[in-house]
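Just the one chain here, the form predicted alone, laid out as structure tokens.
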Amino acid sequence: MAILDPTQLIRADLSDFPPYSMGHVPLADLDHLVKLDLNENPYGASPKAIAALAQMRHYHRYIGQDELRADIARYVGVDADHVVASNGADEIIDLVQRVFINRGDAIVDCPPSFEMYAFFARVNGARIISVPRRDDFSIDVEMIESVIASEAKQSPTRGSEIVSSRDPSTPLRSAQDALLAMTKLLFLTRPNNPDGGITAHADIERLLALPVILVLDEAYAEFAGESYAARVPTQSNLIVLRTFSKWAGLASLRVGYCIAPKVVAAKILQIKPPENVNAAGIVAARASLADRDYLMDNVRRIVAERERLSGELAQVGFLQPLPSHANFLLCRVINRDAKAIQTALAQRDILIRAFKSPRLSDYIRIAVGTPEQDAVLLSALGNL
């Protein structure tokens, strides 16, 4: 009997597909680290969420998300039929693409930004049209408008320096596919990750006038103090993504959600895995929404500490922090090596983020910690 080699059956376009790694540390090490690398909430979950988890007795049962959807709907001010909960915001990015993307269709990405948009585009066989941000990390609205117009006309500019050509790892199956392929989704993070900048309302309105679905990722909306969620019921081409990971301190429980037009939300509910949000996540998220005053007080503390920390980092001598509306600060490194700073701090049990991409090679990103954690960071930076 012949021995089957499974590698011969694996998709060829995954041969050069690097996994997305966040650089996790062992659970046992978390208590002694000053962990400022993954934009986590330093104050953790709310007391009501912790108590609700301790009282939970039904982990052996499947738990549906309808009650959570209703609670989220009240929180963001829309009807529950607009809401779908997910196993973290990452899953909802994937599900949104699965609803819209045929093989060869395109998404528009505006790097540097959250890398999972392009990650799932490759998984789902989409082309990736990259419109890089300007030097100040603002989006290039004119170029976005231009490339979407060019795509709509099936223009040969697909091979230009700004618009990426069709990814050879996701070949179109026929000339017919090439004619039918469309640019369908525009992903935009607001506030943006990694810089914390916020796209102006006037620019958002221009993007909403384009013949694509604008997927607005508001993972850090609570820190910015504004959201487009309530706009969704009257804007047919807007989907807003949110998460409990940041403001509610539930990163490890993986609870995200989207606010989408009802017809889109219904389709996502139709194709999503059954019981995709775990019971612990549902219990903790519902308790968090019932403890909003406590959590939003922590958000205000983080915002105040962000502004204080930004001023202190600017005095270090080799860092230039950028203005941020999120819970982190992107800092340009002056006359130093960014990776060397990250390594030196790690040796002192302080974790921050440095980047591999050439565009961000001169930057580090620091999540806002407690005042005590930030004091340790600043002391270490001073010693460097």
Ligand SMILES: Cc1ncc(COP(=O)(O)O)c(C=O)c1O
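Each residue number is its position in the shown sequence, starting from 1. Model, not experiment: these values are computed from the prediction.
The form predicted together with the ligand is left out here; the points below concern that form.
For the residues Asn193, Thr183, Gln97, Ser288, the 4.5 Å heavy atom test against the ligand in the model of the complex is passed only by Asn193.
Residue Asp90 is the only one of Asp71, Asp90, Asp203, Glu305 with a heavy atom lying within 4.5 Å of the ligand in the model of the complex. Listed stretches are 205 to 213, 136 to 144, 226 to 234, 110 to 118; the contact stretch with the ligand in the model of the complex is 110 to 118, by a heavy atom cutoff of 4.5 Å. Contact annotation for Ala219: at least one heavy atom lies within 4.5 Å of the ligand in the model of the complex. With a 4.5 Å cutoff on heavy atoms, Lys246 counts as touching the ligand in the model of the complex. With a 4.5 Å cutoff on heavy atoms, Lys272 does not count as touching the ligand in the model of the complex; it lies far away.
A residue is said to contact a partner when one of its heavy atoms sits within 4.5 Å of a partner heavy atom; Arg254 meets this definition for the ligand in the model of the complex.
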